[in-house]
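Just one chain is shown here, as structure tokens, and it is the form predicted alone.
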């Protein structure tokens, strides 16, 4: 393992042990929950929008699962605060994967992207933001409610 992989692994473990944005939110502007049936990861996303109705003021999540799913969702909450709903709705998954910084197997890729997919669905339902084609089958694939 090289020095950069080790550094990223430590960042992931820190986010897993000390998640940012963890907890529920009373009366969110957007909310969705999802589950990765392959490994049992569960994530619920809560979004509070600023007065303009477009800017993400706060994001919280609750759930349980593997270190990758929970750490990636923690990282995601930090990435999207202050951004517009449309910007986040069109956020490429590669931006989150770059933040995670380590290569992932196809199974772990689903773990890492669970929070992002649930966030996109929450914004789509609440704001009518576009759901990118790559996420179109998300409701079925991740069991989003």
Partner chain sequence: MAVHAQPKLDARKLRGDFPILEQQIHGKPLAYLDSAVSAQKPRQVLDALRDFYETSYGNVHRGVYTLSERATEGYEGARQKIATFVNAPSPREIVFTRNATESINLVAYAWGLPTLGAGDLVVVTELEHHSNFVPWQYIAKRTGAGFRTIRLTDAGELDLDCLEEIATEGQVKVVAANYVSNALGTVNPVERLSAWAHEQGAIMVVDAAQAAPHRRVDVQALGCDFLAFSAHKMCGPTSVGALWGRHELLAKMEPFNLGGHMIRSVGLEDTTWGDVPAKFEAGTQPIAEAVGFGAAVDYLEEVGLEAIEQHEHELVAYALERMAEVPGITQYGPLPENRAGIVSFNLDGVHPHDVSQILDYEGVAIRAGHHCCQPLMKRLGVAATNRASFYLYTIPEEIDRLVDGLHKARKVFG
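Positions refer to the first chain, counted from 1. All values reported here derive from a predicted model rather than from experimental measurement.
Not on display, but discussed next: the form predicted together with its partner chain.
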The unique member of 97, 66, 50, 91 whose heavy atoms fall within 4.5 Å of its partner chain in the model of the complex: 66
Contact stretch among 26 to 34, 54 to 62, 101 to 109, 79 to 87 - heavy atom within 4.5 Å of its partner chain in the model of the complex: 101 to 109
Any residue of 18 to 49 that, in the model of the complex, places a heavy atom within 4.5 Å of its partner chain: 37, 38, 39, 40, 41
